Ligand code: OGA
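Taking the form predicted on its own, here's one chain by itself in structure tokens.
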Amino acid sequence: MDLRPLAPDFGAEVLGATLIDVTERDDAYAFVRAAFEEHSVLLFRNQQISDELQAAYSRRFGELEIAKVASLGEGTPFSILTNVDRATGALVAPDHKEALRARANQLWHTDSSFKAQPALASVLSARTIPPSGGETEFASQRSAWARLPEDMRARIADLCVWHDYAHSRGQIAPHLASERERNAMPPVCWRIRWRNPVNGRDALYLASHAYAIEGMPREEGYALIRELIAHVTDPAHTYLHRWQAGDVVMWDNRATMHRGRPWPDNLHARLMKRTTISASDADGVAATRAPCSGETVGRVLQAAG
């Protein structure tokens, strides 16, 4: 088993170990888990992927999330990302909810930061890929933290940030997040810094879902969020993954951002399946949970409109 770097700052391709190996062998799991903690993004090529294998591999790392309400895959461990209408087999129209969701996924984000139980990792498999476009781009929030000037790290180290699914979806269409989704996923508050309990390394914890900073005026806080996301996603420090048949990519949601890239979705089908592994206190959740009161929630929601 070996690793091949994907980018200067982070990411590695796993060589000599398959998803089946990790599922069935303790030594392969230990190798990949250590690589995950160190490199944040892992690539497996030429996998004989199935729903059963993807779920079994993912469960090696922890409890699986159930796909959120009102999504394709709701009630299962799979988030289904596609522009194909499952009832007709036709490509969806540009104003279809799934097409709009694909555009929302093209915002820089980290999975499940808007949930009360955040995500440790996501595992994404390519099932149908377009001939061009549709890449996934990654940025390391860990290397971004290290690149910040020392005075900026000191300034922001103890800030707490509000995340809301409806906020990110509202950047694409005002009512993209349904009332059912808003009720199921109210805003949550997290510390801006997530410390990896295995190696002690800090990472920013931000996303397109972030909309306000506790104790800071709305516009000032949102300006700082945008400034920090731009810092994280500096093109000189990102990795663009061009999908091939049989690819599986796993990433650390505590330490990275990612975004989908557009493709001619009115011409070519795309089908991806994602499993998401819940984070536990052992993964740093308790230390990242922010001490925000219910009274504060009301003030922030009012400020957010």
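Not measured: the values here are computed from a predicted model. We number the residues from 1 along the sequence you see.
The same protein also has a form predicted together with N-oxalylglycine, omitted here; what follows describes it.
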*Pick from Cys189, Ile225, Leu81, Leu148: which has a non-hydrogen atom within 4.5 Å of N-oxalylglycine in the predicted complex?*
Leu81
*Are any of the heavy atoms in Leu64 no more than 4.5 Å from a heavy atom of N-oxalylglycine in the predicted complex?*
no
*Counting only non-hydrogen atoms and a 4.5 angstroms cut-off, does His237 reach N-oxalylglycine in the predicted complex?*
no
*Evaluate Asp164 for contact with N-oxalylglycine in the predicted complex, applying a 4.5 angstroms cut-off between non-hydrogen atoms, and reply yes or no.*
no
*Hey, in the predicted complex, does Trp251 get a heavy atom within 4.5 angstroms of N-oxalylglycine?*
yes
_Region of this chain that lies against N-oxalylglycine in the predicted complex, out of 131-139, 153-161, 91-99, 199-207 [heavy atom, 4.5 Å]_ = 131-139
_Need the contact residues for 77-116: heavy atom within 4.5 Å of N-oxalylglycine in the predicted complex, sequence order, or none if there are none._
Leu81, Asn105, His109, Asp111
